[in-house]
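Presented below, as structure tokens, is a lone chain in the form predicted alone.
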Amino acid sequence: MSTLHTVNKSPFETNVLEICISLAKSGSTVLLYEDGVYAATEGTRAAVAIKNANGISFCVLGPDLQARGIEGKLANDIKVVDYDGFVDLVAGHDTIQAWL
């Protein structure tokens, strides 16, 4: 059973992403959107946690990267998706866990 985890909070304000990563199982996907996209920027503690999260895929919502002006600062191994890609992620997973 695959799970899509969605994180919309900045890793600089909460520890939601850390908790999500610690509980996500191998084969899961984490989608970062709204202020959660800040976790995808290179050179941050959150980017290191993402890199060390073996077996978990990470995606970021492209329009939210653009809205915050950080699209050129994306860490490696994070896939950028558009709204259609977001819908595909939802349809492609058995369950969804929203981390608020």
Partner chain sequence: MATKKFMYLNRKAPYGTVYALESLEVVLIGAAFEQDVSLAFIGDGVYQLVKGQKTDGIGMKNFSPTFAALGDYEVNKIYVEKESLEERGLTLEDLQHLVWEDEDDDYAEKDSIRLVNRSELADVLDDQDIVLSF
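Residue numbers count along the first chain shown, from 1. Quick caveat: nothing in here was measured; it's all calculated off a predicted structure.
Only in words, not in the display: the form predicted together with the partner chain, which the text now covers.
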Inset, instruction - Check whether F58 has any heavy atom within 4.5 Å of a heavy atom of the partner chain in the predicted bound form, and answer yes or no. - result: no
Inset, instruction - Please run the contact check for G27 against the partner chain in the predicted bound form: heavy atoms, 4.5 angstroms, yes or no? - result: no
Inset, instruction - Using the partner position in the predicted bound form, report whether A67 sits within 4.5 Å of the partner chain, counting heavy atoms only. - result: yes
Legend entry - the partner chain contact at K51 in the predicted bound form, heavy atom, 4.5 Å: no
Inset, instruction - Can you tell me which bits of 3-19 touch the partner chain in the predicted bound form, meaning any heavy atom within 4.5 Å? - result: S10, F12, E13
